[in-house]
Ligand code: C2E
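Below you will find one chain, with nothing else, as structure tokens; this is the form predicted on its own, and questions on how it binds or moves follow later.
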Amino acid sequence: MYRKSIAPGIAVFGEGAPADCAYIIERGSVEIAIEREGRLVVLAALGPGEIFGEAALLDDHPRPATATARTELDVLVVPRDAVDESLRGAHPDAYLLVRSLLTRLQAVHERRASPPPAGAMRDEVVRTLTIEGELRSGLDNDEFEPFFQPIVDLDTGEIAGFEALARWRKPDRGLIPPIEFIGVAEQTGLIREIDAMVLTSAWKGLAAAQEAVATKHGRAAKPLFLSINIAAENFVDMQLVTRVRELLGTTGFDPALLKLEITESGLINSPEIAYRVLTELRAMGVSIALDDFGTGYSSLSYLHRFPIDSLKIDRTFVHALASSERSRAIVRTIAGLGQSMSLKVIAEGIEEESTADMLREMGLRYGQGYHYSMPVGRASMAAMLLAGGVVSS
């Protein structure tokens, strides 16, 4: 690692330069641009604390992107062979992002074993950089919003809470499917900002809907929890603790009603940091759910290592209940495990009443899925609550 100062207007790198470094901005700002149809299109303007790489891939392939200093720029230059534990200690956020870039590099090398059609690599890099630029613009223009899927009491059909899911609504295209942008958001680290925006908006939306219910009935609404799946990148970032603490302070929302969901990948990559993050969140009163439970290699070991409150049974087991005795045995085991450890267990992917019946017989209390409701926007979520908060089956 070494530091480099660059004057305004000077290129940090240009198309065709060796791509063997990542850059962490310490002071100033940089502009990432791409030439398209003879004109330069700015994809992103980055500032202090942000990281960028040559074409977002640390390989030796020519790239279409250029990076130019907009102001006096000081960057920490991280060569590909310098990503080690010293970087993790000095710049933990940067370490994770650089590791993400290196993971993509490995994927590039693997693809080279079976070369893609001519131009496919360049097209993929252009696509990634273009989506990254659009994501940054979307964040600046508040284009991300929560959709809400009810989590219901299987016995009564009453809504116990909602899972908030990130959706991107572009003015010129409408809703963008998550599959089109989540991967790039995770690779670039922008998923952290998206999660924070969606969490804040979902929280405010649910609070407003419950206030409307209270006004309608002249009494306090039944408290409902809010569950949101947080990207693995967030759970190895102490800034998540700061953001949640600030949100609790500014909104007054009861932390006991906030449930953050994490997948096994969020624990396995950096377990020490994840443990610190989860422990501090639990100290605030926030609940932690382990999502897609039963699909990972070490799911059981996490229950005694990390402060987990809830388990979400992966939909693959739920879908196979009627046809697979093995899936039924797995679900029964998870239900019993949850009961013995005082963990709340939620079944995902319920699509038929017969499935809900089987889950009830196994002792499951909570579930979600299209049988009850698909994820809906804020207005439809509020309408559900005003109609009585019971999802018909």
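When you see a residue number, it is the position in the sequence shown, counting from 1. Predicted, not measured: the structure shown is a model, and the values here were computed from it.
Same protein, other form: the form predicted together with the named molecule, not shown, and the subject of what follows.
Proximity of R27, I51 and G138 to the named molecule in the model of the complex is absent: no residue of the three has a non-hydrogen atom within 4.5 angstroms. This chain appears without its partner; in the model of the complex, the one residue of K204, K222, K170, R315 with a heavy atom within 4.5 Å of the named molecule is R315.
For the residues V198, L190, L278, L290, the 4.5 Å heavy atom test against the named molecule in the model of the complex is passed only by V198.
Though the partner is left out of this view, V78 does not reach within 4.5 Å of the named molecule in the model of the complex, counting heavy atoms only.
By the criterion of a heavy atom within 4.5 Å, G338 is excluded from the residues contacting the named molecule in the model of the complex. Remark: L247 does not count among the residues lining the named molecule in the model of the complex, judged by a heavy atom distance of 4.5 Å or less. Residue contact check for H319: one or more of its heavy atoms lie within 4.5 Å of the named molecule in the model of the complex. Look at 321-329, 338-346, 363-371, 27-35: in the model of the complex, residues with non-hydrogen atoms within 4.5 angstroms of the named molecule sit in 363-371.
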